[in-house]
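The chain below stands alone and is given in structure tokens; this is the form predicted alone.
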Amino acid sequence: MSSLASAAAELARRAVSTVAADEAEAVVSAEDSALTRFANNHIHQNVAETGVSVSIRAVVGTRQGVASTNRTDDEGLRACAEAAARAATVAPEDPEFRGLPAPMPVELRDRAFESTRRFDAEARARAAAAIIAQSTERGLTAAGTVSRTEYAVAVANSHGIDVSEAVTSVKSTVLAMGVDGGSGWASWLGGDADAFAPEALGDQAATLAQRSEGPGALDAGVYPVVLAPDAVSDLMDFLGYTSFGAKDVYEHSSFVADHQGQQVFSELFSLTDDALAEETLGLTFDFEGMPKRRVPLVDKGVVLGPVTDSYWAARLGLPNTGHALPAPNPYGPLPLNLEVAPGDATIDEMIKGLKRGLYVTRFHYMNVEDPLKVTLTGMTRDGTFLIEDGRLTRPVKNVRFTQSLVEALGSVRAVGNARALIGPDEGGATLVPALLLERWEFTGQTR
């Protein structure tokens, strides 16, 4: 066990022991992170941060109270525990609450790499310089970040739960920009700093920026689209957030409520939440200390799900899949380690199969217009190209869209055979391929 995880575990045990209530839970989050930021082809910021937070949940009957602190001394923990207990005494009763969970075996993963702990300011500066060089050599301007994080969570409760785990991650993003409106984006996420290839990342962004110089206008309309993994990740985040939590299904604010067991999407599309997958990042237990389970959400287009926590599993009579978020939260359980099953197509093959369409590198400024249909609005950004007669032709200015994701995923024509890990890192990540969709509705040009 890492020293960060060990310290978090000891702190969680101490915190639980201070609570005077029928039941108690402590969640400790500890982080040691550093970030190098660059713009205009120069590093301009280098910061490091360490921190720890303690959240205590006190249960009195069916009432719950939560308080948090960043004080880890005995007095600070006692004050936090007393605040949680006071909150519980005045909280409304919840007859559906069955109490905090009892311990279950957790399958821990070794996701803390020494190479990432050693990824210091000098190493990050070298990586940033390698990324920047790919742009400066081509007369472009680069901006972006290189960061490393070690993140540990420990959960303890009065029924004997006592689990902790640490995860390391390296994350880098780069935006390369030209003088005539061209821009290109690339990102990388992984647990092991030794696997990070900054030159390749810089080259990817710079190549896109060069190809997107002098973009032209595009008429509004419905087009087939080839979505790069960054764009697919954006969509999966919204799909998981709006649709596959037990609370949303129970409240019928998700399309899943009326379509479980039905063929809604293309047979080529399968979606799973799997924190235990070798390729992903994140914790293998949830914020109640319950083991995360692999949960098929869509199987060859058939809608399954949802994910649960202890409260919603008991309320709905379903297994606890280990997807609790920190209490209290208004969302209920959510999937944090989504992965789309790979297909057998390359991106080049997807492009060759289109008479006319668009290639989208990523989306930007997305919002939910209708959660029941997962209708999203937003715009494309940093590498949008017209596809004509099976090849990329001219770059296109960023365009706005309004599109139901439920409808769009019913029109999957091809799925990429290679997947990328993309996401926020500490809480989880999406593992996604490129997708070819038959239809995507673009509503107009951005200014």
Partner chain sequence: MHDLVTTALDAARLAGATYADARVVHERSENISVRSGRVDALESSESLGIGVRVIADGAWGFAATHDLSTEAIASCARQAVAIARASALTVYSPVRLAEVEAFQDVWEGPCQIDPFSVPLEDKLAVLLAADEALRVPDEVAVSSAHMGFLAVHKLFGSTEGSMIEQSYTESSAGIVAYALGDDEMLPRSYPNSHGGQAVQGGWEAVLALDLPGHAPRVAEEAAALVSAMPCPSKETTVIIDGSQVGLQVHESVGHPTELDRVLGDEAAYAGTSFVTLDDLGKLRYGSEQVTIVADATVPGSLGSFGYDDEGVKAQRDHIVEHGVLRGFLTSRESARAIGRTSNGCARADGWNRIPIVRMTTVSLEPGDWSLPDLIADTEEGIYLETNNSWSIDDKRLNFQFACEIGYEIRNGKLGRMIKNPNYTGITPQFWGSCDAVCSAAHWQVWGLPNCGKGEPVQIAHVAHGAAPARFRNVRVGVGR
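Positions refer to the first chain, counted from 1. All figures in this text were calculated on a predicted structure; none of them were measured in a lab.
We do not show the form predicted together with the partner chain, though everything after this point is about it.
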Inset, instruction - Flag Gln262 as yes or no: does it have a non-hydrogen atom within 4.5 angstroms of any non-hydrogen atom of the partner chain in the model of the complex? - result: no
Inset, instruction - Report yes if any heavy atom of Ala129 sits within 4.5 Å of a heavy atom of the partner chain in the model of the complex; otherwise report no. - result: yes
Inset, instruction - Using a 4.5 Å heavy atom cut-off, state whether Pro395 contacts the partner chain in the model of the complex. - result: no
Inset, instruction - Find out whether any non-hydrogen atom of Gly390 is located within 4.5 angstroms of the partner chain in the model of the complex, and reply yes or no. - result: no
Legend entry - Residue (of Leu372, Ala314, Ala341, Leu108) lying close to the partner chain in the model of the complex, criterion heavy atoms within 4.5 Å: Leu372
Inset, instruction - Name the single residue among Pro198, Gly190, Gly144, Gly357 that comes within 4.5 Å of the partner chain in the model of the complex, judging by heavy atoms. - result: Gly144
Inset, instruction - Using a 4.5 Å heavy atom cut-off, indicate which stretch of 246-254, 316-324, 204-212, 271-279 touches the partner chain in the model of the complex. - result: 246-254
Legend entry - Three-residue site Leu35, Met379 and Thr402 fully in contact with the partner chain in the model of the complex at 4.5 Å by heavy atom: yes
Inset, instruction - Taking the partner chain as it sits in the model of the complex, which residues of 38-63 have a non-hydrogen atom within 4.5 Å of it? Please list them. - result: Ala39, Asn40, Asn41, His42, Ile43, His44, Gln45, Asn46, Val47, Ala48, Glu49, Thr50, Gly51, Val52
